[in-house]
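The chain below stands alone and is given in C-alpha cells; this is the form predicted on its own.
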Amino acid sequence: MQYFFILGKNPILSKAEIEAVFALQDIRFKITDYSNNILIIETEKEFDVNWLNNRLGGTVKIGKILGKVETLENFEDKFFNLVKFGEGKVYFGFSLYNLGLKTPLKQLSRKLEPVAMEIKRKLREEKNINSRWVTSRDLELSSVIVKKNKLLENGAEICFFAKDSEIIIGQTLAVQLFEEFGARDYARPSRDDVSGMLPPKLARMMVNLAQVKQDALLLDPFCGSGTILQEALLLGYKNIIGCDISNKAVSDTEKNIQWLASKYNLNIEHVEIFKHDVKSINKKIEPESIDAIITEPYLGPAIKGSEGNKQIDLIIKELDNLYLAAFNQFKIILKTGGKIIIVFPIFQIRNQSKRLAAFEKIKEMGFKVLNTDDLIYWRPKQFIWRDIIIFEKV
C-alpha cells in the first residue's frame, strides 16, 4: 500500500512526528518520495487512516496512492475506474503538487479544466449523476475547502503529484481536524496572549515526538495555560503532572483542563497541577519517576525586532541560567532513558540568528540529543522561532 501526506508549514517537523508515531505503533514503512511538503510512503499493511489523522498535529492531508499517468489527458478514463461514488450529487476537486517537475505547475493546471468538464459530462449523460467541480484560486485545495465542500463524504479530492516523467495520482482520505484545534485554542476559558501561546497543533506534535506509551508519567514544568497537558489527555495519556511558578498559569491550567474534561468526557483523576519553581522541583517529584518531560519554558519578553544585540544577549544570558537550572532538576527526576521534548528559542533579529549557549552545556550533563534534523516551528514576521529538541537521559 502507498499513502501520501501533505505536511504542514514546518514540513521537517511534520515528517518527524509521522515517523515517531509509526515507530511507537510499530508500523513499518519506507519513503518512496519526499519533496517540500509532500511525503509518499509504502507500507506492508494497511493502517487506520482516520485514527492516524486524529493522532497527528502537523499533517494537513492523508490519502492513498491510486496509480500513475504520463499526462493529465490520460486521467479521464482512470477517474471512473478508480473513484467510486454513492447516491446523490457528486462533488469532486483537483489539487496539483510539485514532486520534482521542472516546468511551472500553472502550465499543467490549464489542462485540468477540460478534464473536469469531460468528467462532469460523463457523470451527467452516462451515469445520470449531477456533479460539482470544486475549485480554488490556488493550485491545491485547502483542508477547509475539502471539508466544507463534502469531498470526503460523497465525492473525491484527487491529488496530482507531478514529476518530469510521470504524474502520481492520489485520493485524499482525511484532512486535519482544523475546527477542533481552533476550538481548543480559542474557545477554552483561559488564554494568555501576553506571555505567548503554544499552538495546540505544536503541543500535540511534541507529545507524539516523545514516543512514550500511554501508561507513561508525563511532566510539563512550565505548563502555562495547560496546552501540552490537554493534548496529552486527548491522546489517551492519563498520568500527567503540570506545574508553573505563576499563580495565574496554574489557575488557567486548572480551568482549561476542567473545561476539556467536560467537553470530551475525559477522566482527569490522575492529573496533578500545582504551583512550584522548576529550580527546586525535585522537592515535589520523586527521583527517577518521570518518563517524559514535554515543555515550552519561558522564552523571554516579547520581542519587537528593534532590540539591539546587547539587549538580546542579556535575554539569552537570563534564559541560559533558567534552562541550566531546569536541566539540573530534570536529571534528578527523569528516569534513565527518559525523554525531554523541549522548546529552545532562536532569536531572529536583523537577519541574525542567536541561540542559547546552554545547549552545549546540557549535553555535557548527561543528555543525548536524539533528533538529527532541526525541528523548527516558525511563522513569518516572528522574531522568536521555536527549536524543538529531543533529549534522552543517558
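The first residue of the shown sequence is 1; numbering continues from there. Note that the coordinates shown come from a computational prediction; the quantities given were computed from them, not determined experimentally.
There is another form of the same protein, the form predicted together with a small molecule; it is not shown, and what comes next is about it.
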If you check in the predicted bound form, is Q230 within 4.5 Å of the small molecule, heavy atoms only? no
With the cut-off set at 4.5 Å between non-hydrogen atoms, does D277 touch the small molecule in the predicted bound form? yes
Please check if F181 has a heavy atom lying within 4.5 Å of any heavy atom of the small molecule in the predicted bound form. no
Test of understanding: in the predicted bound form, would Y298 fall inside 4.5 Å of the small molecule by heavy atoms? yes
Any idea which of 90-98, 238-246, 207-215, 123-131 reaches within 4.5 Å of the small molecule in the predicted bound form, heavy atoms considered? 238-246
All of G8, I40 and I169 with a heavy atom within 4.5 Å of the small molecule in the predicted bound form: no
Could you spot which one of L139, I268, L322, V83 gets a heavy atom to within 4.5 Å of the small molecule in the predicted bound form? L322
Have a look at I312, V115, M197, I145 for me and say which one sits with a heavy atom within 4.5 Å of the small molecule in the predicted bound form. M197
